[in-house]
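The chain below stands alone, shown as structure tokens; this is the form predicted on its own.
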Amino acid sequence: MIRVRAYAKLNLFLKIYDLRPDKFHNLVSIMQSVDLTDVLDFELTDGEGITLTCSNDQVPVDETNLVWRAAAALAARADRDVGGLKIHIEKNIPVKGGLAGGSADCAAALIALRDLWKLELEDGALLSIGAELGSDVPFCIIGGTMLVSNRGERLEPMAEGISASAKCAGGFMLVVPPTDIETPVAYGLLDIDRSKQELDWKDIAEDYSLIRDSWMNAISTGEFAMLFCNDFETPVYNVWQELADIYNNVRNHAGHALLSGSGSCMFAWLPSVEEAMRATETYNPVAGEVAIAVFPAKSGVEILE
């Protein structure tokens, strides 16, 4: 048996560009792993096929689950059968919250099964498989603080990650609403919103360099919260009034707020551990949301045993 920990991610910056021929959008994002984790157990059995269970009944436990698909894709790449495999997911990362919970579990499966099946595959092979399974999976395989672009498969580690910077010794107040948002729905709303505008897409390479340089400087000074941005906020808050109310409540409480990914979770950065804990403990919900303190992590997947 092998046990792994899969780390959630936050989008500290997310700019969405044009629709690609493959029906995905080009994007540039700063992604950050945080210490909110799922724990997955993988065990070989004498039978045939995959048996998947999960502590959260919102999560499918069939071939539509990214963990199941990761096992099948990795076996195909290694030219072997899946054989008998028992998998359990202890789910702590909110479902459909913009925290890449499914992608994190998928990344954990690729790393765990490479070890469990004793496959001689380089990280590059896992990243390639992950990119085929989901846009956030390559980041979740590596984790830390990264500049992510194209549809999510281009990864550039920041020169100094937030978890390693002496100027970034704080934490996030993460707010989890009871509302779920399907990622394709959020993209659809964004496309509808933009169809009413005449957009002249700038050179993404130019934006990429500017974003990278600005974030490297902001992390070195600890002032990166000034650069928070998410293109999904306007279309999401225009549709879900309860999320707009929560967003305003977080801003009033912490001084700022940002949606993560396509939502529905949002967060604020506090410059010290004590302030992050205090902000979380004193937060008063307005629409059934829950606040928890989370902290930057340096990896996306951790093998426990």
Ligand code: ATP
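What you see is a predicted model; the values in this text were computed from it and never measured. Counting begins at 1, following the sequence as shown.
There is another form of the same protein, the form predicted in complex with the named molecule; it is not shown, and what comes next is about it.
Of the candidates A279, V59, A257, V28, V59 is the one whose heavy atoms come within 4.5 Å of the named molecule in the model of the complex; the others do not. Residue G98 is the only one of G171, G144, G98, P177 with a heavy atom lying within 4.5 Å of the named molecule in the model of the complex. The named molecule in the model of the complex comes within 4.5 Å of a heavy atom belonging to S262. Of the heavy atoms in D207, none are within 4.5 Å of the named molecule in the model of the complex. Contact annotation: K91 falls within 4.5 Å of the named molecule in the model of the complex, judged by heavy atom distances. When the named molecule is considered in the model of the complex, P138 lies well away from it, no heavy atom lying within 4.5 Å.
Proximity to the named molecule in the model of the complex, taken as heavy atoms within 4.5 Å, picks out 179 to 187 from the listed stretches 207 to 215, 123 to 131, 144 to 152, 179 to 187. Looking at 100 to 118, the residues that come within 4.5 Å of the named molecule in the model of the complex, counting any heavy atom, are A100, G101, G102, S103, D105.
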